[in-house]
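Next up is one chain by itself, shown in structure tokens, the form predicted alone.
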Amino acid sequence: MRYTIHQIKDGEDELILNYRQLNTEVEAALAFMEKNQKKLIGKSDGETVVFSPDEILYVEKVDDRTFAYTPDHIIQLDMSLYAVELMLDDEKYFRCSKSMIVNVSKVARLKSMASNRIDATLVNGEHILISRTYASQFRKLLKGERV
């Protein structure tokens, strides 16, 4: 498959896919494009909020409720943590404990801790812990290995 990339100075980013016949390469490109168009819906301060998964710093289950944390909002989701995990991109989001999923691209610094845990500092300065159960998988992910 041949592809062409053009950088534009202004306007909206756009992906165009031209194909003669649907095949595995085209299907993979379509899946990538559709995955990036997903939106999540939740409640924040009594309002319904529609947001992109890319905005998520982490998702956490607290007292049988699921919350997505973005730089600007804490949004309650009407879905289980497992359902959120299935919806998110496997390479960008990582289950870091039994009750939390972290957006790996939002991790700024890491610090090893006792008991094989990892203290992850997010881009907003917030700290989360990656439990020892998931720490070795997280290290493999950072090295580019398949987990």
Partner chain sequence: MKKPNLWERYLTKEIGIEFKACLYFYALLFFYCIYRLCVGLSVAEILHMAEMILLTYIMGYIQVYLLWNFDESDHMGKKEIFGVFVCTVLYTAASYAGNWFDRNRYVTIGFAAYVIFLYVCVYFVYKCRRIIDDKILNYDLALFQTRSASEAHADRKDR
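On a predicted model such as this, the values are computed, not experimentally measured, just so you know. Positions refer to the first chain, counted from 1. C-alpha atoms forming the largest set that superposes within 1.5 Å between two forms make up the rigid core.
Although not depicted, the form predicted in complex with the partner chain is the subject of the following passage.
Participant: Only one of 41 to 49, 93 to 101, 58 to 66, 74 to 82 gets a heavy atom within 4.5 Å of the partner chain in the model of the complex; which is it?
Facilitator: Comparing against the partner chain in the model of the complex, the contact stretch is 93 to 101.
Participant: How about residue 87 - does it come within 4.5 Å of the partner chain in the model of the complex, if we only consider non-hydrogen atoms?
Facilitator: Output for residue 87 is no: heavy atoms all beyond 4.5 Å of the partner chain.
Participant: Is there a heavy atom of residue 110 no more than 4.5 Å from a heavy atom of the partner chain in the model of the complex?
Facilitator: Residue 110: yes, in contact with the partner chain in the model of the complex.
Participant: Where, within 1 to 16, is there a heavy atom within 4.5 Å of the partner chain in the model of the complex? Residue list please.
Facilitator: Stretch hits: zero.
Participant: Residue 136: with the rigid core matched between the shown form and the other one, does its Cα shift 2 Å or more?
Facilitator: No; residue 136 is a residue whose C-alpha shifts by less than 2 Å between the shown form and the other one when the cores are overlaid.
Participant: Superposing on the rigid core, is the CA of residue 24 displaced by 2 Å or more between the shown form and the other one?
Facilitator: Residue 24 C-alpha, core-superposed: shift of 2 Å or more.
Participant: Which way does the C-alpha gap of residue 17 and residue 50 go in the model of the complex, closer or farther, given it changes by 3 angstroms or more?
Facilitator: Residue 17 and residue 50 sit closer together in the model of the complex.
Participant: How does the CA gap of residue 50 and residue 15 change in the model of the complex versus this form, closer or farther, if it moves 3 angstroms or more?
Facilitator: Closer is correct, given that in the model of the complex the C-alpha spacing of residue 50 to residue 15 is reduced by at least 3 Å.
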